[in-house]
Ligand SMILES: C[S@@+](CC[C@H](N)C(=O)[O-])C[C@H]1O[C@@H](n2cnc3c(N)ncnc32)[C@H](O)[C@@H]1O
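First comes one chain, alone, set out as structure tokens in the form predicted on its own.
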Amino acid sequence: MYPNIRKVLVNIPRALKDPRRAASLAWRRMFPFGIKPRDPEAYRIGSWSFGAAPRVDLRDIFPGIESADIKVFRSYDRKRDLSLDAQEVLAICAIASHVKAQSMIEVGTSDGNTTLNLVANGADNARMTTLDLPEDWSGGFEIHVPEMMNNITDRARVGIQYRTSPYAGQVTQVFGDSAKLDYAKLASPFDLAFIDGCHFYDYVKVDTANCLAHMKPGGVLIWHDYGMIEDVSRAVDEWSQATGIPISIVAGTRLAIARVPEAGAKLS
């Protein structure tokens, strides 16, 4: 008998003794946020439903990561729904520290909070190359993007958080459309890539391919907004299928993780 069915049958006598409480519990299970959510943030987390990749404890993806010591800067200086949440920041900081990331690339600088926290937690004298659209961006993309998929940062605020930090000298800001940049001219190869630029399917595919082509063997690829945005989830799932490189989602987050195979490793 399936465990869930057994659990229901065992609890039937208890439910009959207190039907009002049983009905309340059943309602809460079926509608955990109510008809009208009281906390939109909780509802947002509950809506991470896209994608087929398994959700895995970070410690199972990176054994030993629990011993990583991290530094977190400007913990709550972020926009709800647009930025990484606190749990996601802790996770990427721990990953950068655990793998001792020396050379990193970020697609999508935004206000620079992720840039700052990654470079602060990488190896000593870690370097970060971060990409965003030009300061004088005219509104056009190399690849056509539907209007509702535009998520453009105020040009005057790009990188503002890392630019006013002690780590500013370790960051190289590159302006340009990520779909037409020559990645060979950047400080590659990279041992960590964070992809959080345009979330349109075609851009996620191109950004992923460009980063993968300039990664070190054993490097870490991280995508943001997996599970929350269908285009991101579909592009990452298809990439994993096509390359044979498995991906895992850090439980409780929108972070998808893949490890670039070591030289000579066979893919499934």
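Sequential numbering from 1, following the sequence displayed. Because the structure is predicted, anything quoted here is derived from the model rather than measured.
In what follows, reference is made to the form predicted in complex with the named molecule, a form of this protein that is not presented.
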Looking at Gln102, Ser188, Gln87, Thr153, which is the one with a non-hydrogen atom within 4.5 Å of the named molecule in the model of the complex?
-> Thr153
Would Phe73 show up as a contact with the named molecule in the model of the complex if we use heavy atoms at 4.5 Å?
-> no
Hey, in the model of the complex, does Ser178 get a heavy atom within 4.5 angstroms of the named molecule?
-> yes
Any of the heavy atoms of Asn117 lying within 4.5 Å of the named molecule in the model of the complex?
-> no
Contact label in the model of the complex: Tyr162 to the named molecule, heavy atom within 4.5 Å | no
Among 93-101, 119-127, 162-170, 106-114, mark the stretch whose residues have heavy atoms within 4.5 Å of the named molecule in the model of the complex.
-> 106-114
Any residue of 174-201 with a heavy atom within 4.5 Å of the named molecule in the model of the complex counts; write them all down in order.
-> Gly176, Asp177, Ser178, Phe194, Asp196, Gly197, Cys198, His199
